[in-house]
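Next come structure tokens for two forms of one protein chain, structure 1 first, structure 2 second.
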Structure 1
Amino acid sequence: MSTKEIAEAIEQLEGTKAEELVKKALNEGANPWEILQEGIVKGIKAVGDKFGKGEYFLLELQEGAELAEKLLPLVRPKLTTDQSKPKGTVVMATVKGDLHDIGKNLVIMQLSLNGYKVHDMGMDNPSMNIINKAKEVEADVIGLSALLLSTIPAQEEVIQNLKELGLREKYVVVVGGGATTQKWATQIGADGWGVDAVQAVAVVDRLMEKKGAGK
């Protein structure tokens, strides 16, 4: 029984098989961190790669994320505390007026699988609610999702409010969603932009490294 089999089962979206393989590996005393990184994370990354190549579509990408979400509770209790120290704390929110959250949820899954502690605020969040949550949980990153052209101005509003409060330099702000572009992110002064969930981890990793280097 190898973690490669777990990764392949996830890649092929074979949920029942993947769950059985994870349980078997745990029962056989396999290292839970290897199961997580070499099995579950590699599997969901493979799904993401297929999505990027056009071999899978959004439905399959979401199915892969949901599968990983079912497998994580099997492994989490076995992970030791010292190894599970988060790489950073992220507040993720769909902005005010927008009721779409599939993309946001996929980003949350990717970040969680790759070592970030993520606070999901759900949909339709007023700007100050997002900022207050970031302050409450001492976030490193604020992620703002918006699918519609009519709601993306709320992303800019969050950044403007942070500036007015003297908090802009405290947080890395990343934007995304169907109506957003790199040009838009640059225009409103966001730190980063991701075209989809597959890119999210690389973008946040890069910005967190930059933030750490600037301390």
Structure 2
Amino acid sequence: MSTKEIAEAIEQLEGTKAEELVKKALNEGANPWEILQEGIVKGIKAVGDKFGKGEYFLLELQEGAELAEKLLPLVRPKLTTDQSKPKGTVVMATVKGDLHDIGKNLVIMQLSLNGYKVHDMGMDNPSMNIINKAKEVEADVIGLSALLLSTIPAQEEVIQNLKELGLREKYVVVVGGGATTQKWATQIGADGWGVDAVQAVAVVDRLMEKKGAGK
């Protein structure tokens, strides 16, 4: 029994097979950490990669995320508390006045597939609602999407409000969406920017690592 088979079954979105393989591996006494990392996480990453290449579409991403939700509870009880934690908690929102959410939804899918717990706030969110949500769910990361020149200032507003509330250091803030650039992100004092959903994960990974190191 190899973790590779688990990864492959997930990549092919063969839910029942993946579930059986995970159960079997656990029964045979395989290392649960390895099943998680080398089997489930790798398989899900492969689903995300296929989406990036245009081989998979939203339906497959959604199925991949659902499959992960089904498989994780099987291994979680066998892991130490530290190992079973998600990589981080993210609050993702499209800012006030903005009704574009396709890009944000893609970013959410990719982050979920890559082991983050993501709270989707949908579109048209007042700045303070976003901050309150981050407080409520004890988020590590706040992700802000905006596609209009008239809504990107709301990204800056969230950062300003965080500063005024003395909460800026508490959260990693990443911004993105069609109307934004790296230059804009730097200008408003965001921690990171991503051009697309795949890069968003890399950026959040990097910033979370940095945050962890700083602790």
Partner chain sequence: MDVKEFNKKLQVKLREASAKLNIKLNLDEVIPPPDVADAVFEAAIDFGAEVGLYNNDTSRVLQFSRAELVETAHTRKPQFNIGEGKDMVTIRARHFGDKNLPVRMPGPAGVPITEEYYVPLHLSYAKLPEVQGIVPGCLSTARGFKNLAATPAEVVCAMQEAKLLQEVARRAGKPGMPLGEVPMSAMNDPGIIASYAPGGFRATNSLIPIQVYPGLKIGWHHLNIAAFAQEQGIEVWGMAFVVLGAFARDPIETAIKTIAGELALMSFTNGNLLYSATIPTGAIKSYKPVLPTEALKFLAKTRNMEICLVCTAGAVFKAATKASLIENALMAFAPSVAGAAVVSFGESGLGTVVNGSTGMEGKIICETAMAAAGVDDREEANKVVGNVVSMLMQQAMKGEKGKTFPECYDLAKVEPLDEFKQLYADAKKDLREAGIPFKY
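Each residue is numbered by where it sits in the sequence of structure 1, with counting from 1. In this text, all values refer to a predicted model and were calculated from it rather than measured experimentally. By rigid core we mean the largest C-alpha set that fits within 1.5 Å across both forms.
**Student:** Specify the structure that is the form predicted in complex with the partner chain; exactly one of the two qualifies.
**Tutor:** Pick structure 2 here.
**Student:** Tell me, please, whether between the two structures the C-alpha of residue 146 is shifted by 2 Å or more, with the rigid core used for superposition.
**Tutor:** For residue 146, whose C-alpha is compared between the two structures after core superposition, the shift is less than 2 Å.
**Student:** Would you tell me if residue 167 moves between the two structures by 2 Å or more at its C-alpha, with the rigid core held superposed?
**Tutor:** After core superposition, the displacement of the residue 167 C-alpha between the two structures stays below 2 Å, so no.
**Student:** Once the core is aligned, please say if the CA of residue 183 is shifted by at least 2 angstroms between the two structures.
**Tutor:** No: residue 183 shifts by under 2 Å between the two structures.
**Student:** After superposition on the rigid core, what is the displacement of the C-alpha atom of residue 23 between the two structures, in Å?
**Tutor:** Residue 23 C-alpha displacement between the two structures, core-aligned: 14.0 Å.
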